[in-house]
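The chain below stands alone and is given in structure tokens; this is the form predicted alone.
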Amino acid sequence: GHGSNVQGLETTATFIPETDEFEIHSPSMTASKWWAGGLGRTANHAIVVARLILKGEDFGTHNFIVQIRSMEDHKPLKGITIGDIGPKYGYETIDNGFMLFDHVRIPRSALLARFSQVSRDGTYTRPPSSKLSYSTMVFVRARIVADAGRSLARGVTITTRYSAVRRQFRDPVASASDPFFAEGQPKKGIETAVLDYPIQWRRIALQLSTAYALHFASVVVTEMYSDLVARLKKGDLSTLPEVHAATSGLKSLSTDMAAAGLEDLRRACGGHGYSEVSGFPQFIANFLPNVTYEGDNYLLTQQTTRYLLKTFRALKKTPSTKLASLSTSYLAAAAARTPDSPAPRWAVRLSTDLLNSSLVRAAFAHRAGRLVSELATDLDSGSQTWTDSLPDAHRVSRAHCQLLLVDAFAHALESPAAKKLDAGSRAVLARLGDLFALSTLEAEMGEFVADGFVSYQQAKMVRGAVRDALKELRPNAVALVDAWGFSDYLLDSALGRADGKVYETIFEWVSREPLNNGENYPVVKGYETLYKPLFNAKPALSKL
């Protein structure tokens, strides 16, 4: 009943001082636990989130470890109702379940009490911060960002390899670099590789650059989490709000990008993309829950935007306010701007300026800062309520997190691992970073030109720069996906085979289908009794 609204959770854990126990209870149907993986048939213990009730006072949600099934015969324990929630969009092998409690007693020691405790007499010891529970969510969301990058990389590997093998029509211009086309004339029977058509390569390349950006972002947020854990051990909570905001927004943006990207990559495989042999249908279905669990993507962006607004207001009031990290440094410039300040303009004069990552970043930083500033002004003036401004809050979070992705790519290019690469590989990776930043800028151009920061001529330059990057990267398409190192087993795709034997594999897999074997082959079982009578029946005559 309360997925994202944790504060509205109804399950209670009431302390019983006479027996030194907690009583777990579900007071209504909407208090049922739903969707927990492994709960339907497998788990014998669970971490149960319930409202802690001490002496009639509600202390909010806490975690308890509860045995839910017998260790002897695996039956649900007394007072616990458990079941499977039934078929889902994907993940059919996972027994997601539901659970209800009817006054179930557990020992006081079942409370997970690292940060908050309940003594024998029912006295409550509060945690150092009410936001400490965010640290677990930060870890999970950081892993989701990483999974989004890997999943998109898997999809783009399939589509790139298939597009390199698949040939359709003959276009000497598109195939100018194809060795099978001699001096612009294809050898007999040879058609143009689908990957060589600019529209196909653009679709693939944008997802390829996004997959790399998400991977690099996952490295950054994992480092942020590790630093956070080290600080928490020392009682330092200073970076927790910043890390929580970043991972919330990036979880939302990364899974949205990956879900949309995977569907476009499936479509880019044509008709075969709709077949199970492509590896896409089940794979996409299994990825889609990422946009919902651990926080609905639209709700999560509110947390990111609230943090940005709070930081902006603090800087507006006290410009010397110390920022938690460089990721929000752009807010200082936005907060320092006044109505009398000269209108800032993008310092791009020539197309070659777009190869300057600092100049490109400046556009993302200005856009994000302006959106935060405008939203803060609307809210503080009373011209908008928070509820009415939620679409704007979503845009703010998106702008901030796109800046984080651009920064993550730039950070990766300066990392020790990148510096170990040969000059050619580093140049290709840098060009891929250019493509990601510039294509994102192109896609969101409306927000960059809204206040005149980017001009019409500069917008045209960006489009041209994207085309140039696509042309330069095309020769490295297959190498850039092979670099991920996905095995054929993991890809589980006839279209994405490393050896290019697409059609041989499709025929091999299809030949194993039940309709092509045994009693159903070559004539389907039931033909004599069901089909044949229809074919031999005399046609009914119309009464007209």
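So that there is no doubt, residue numbering starts at 1 and follows the sequence shown. So that the term is clear: the rigid core is the largest set of C-alpha atoms that superpose within 1.5 Å between two forms. Only a predicted model underlies this, so the values are computations on that prediction, with no experimental measurement involved.
What follows is about the form predicted in complex with another copy of the chain, which we do not show.
- Residue in contact with another copy of the chain in the predicted complex (any heavy atom within 4.5 Å), chosen from G424, P342, P416, G86: G86.
- Between another copy of the chain and the residues A479, L515, L490, V49, the one pair within 4.5 Å by heavy atoms in the predicted complex involves L515.
- Using a 4.5 Å heavy atom cutoff, none of F59, R154 and D407 lies near another copy of the chain in the predicted complex.
- The candidate stretches are 111-119, 171-179, 332-340, 312-320, and the one lying within 4.5 Å of another copy of the chain in the predicted complex by heavy atoms is 171-179.
- The closest non-hydrogen atom of M71 lies within 4.5 Å of another copy of the chain in the predicted complex.
- Proximity of M29 to another copy of the chain in the predicted complex falls within the 4.5 Å heavy atom cutoff.
- The closest non-hydrogen atom of P241 lies beyond 4.5 Å of another copy of the chain in the predicted complex.
- In the predicted complex, another copy of the chain stays beyond 4.5 Å of every heavy atom belonging to S542.
- Taking a 4.5 Å heavy atom cutoff to another copy of the chain in the predicted complex, none of the residues in 150-164 make contact.
- When the rigid core is held fixed, the Cα atom of Y527 travels 2 angstroms or more between this form and the one not shown.
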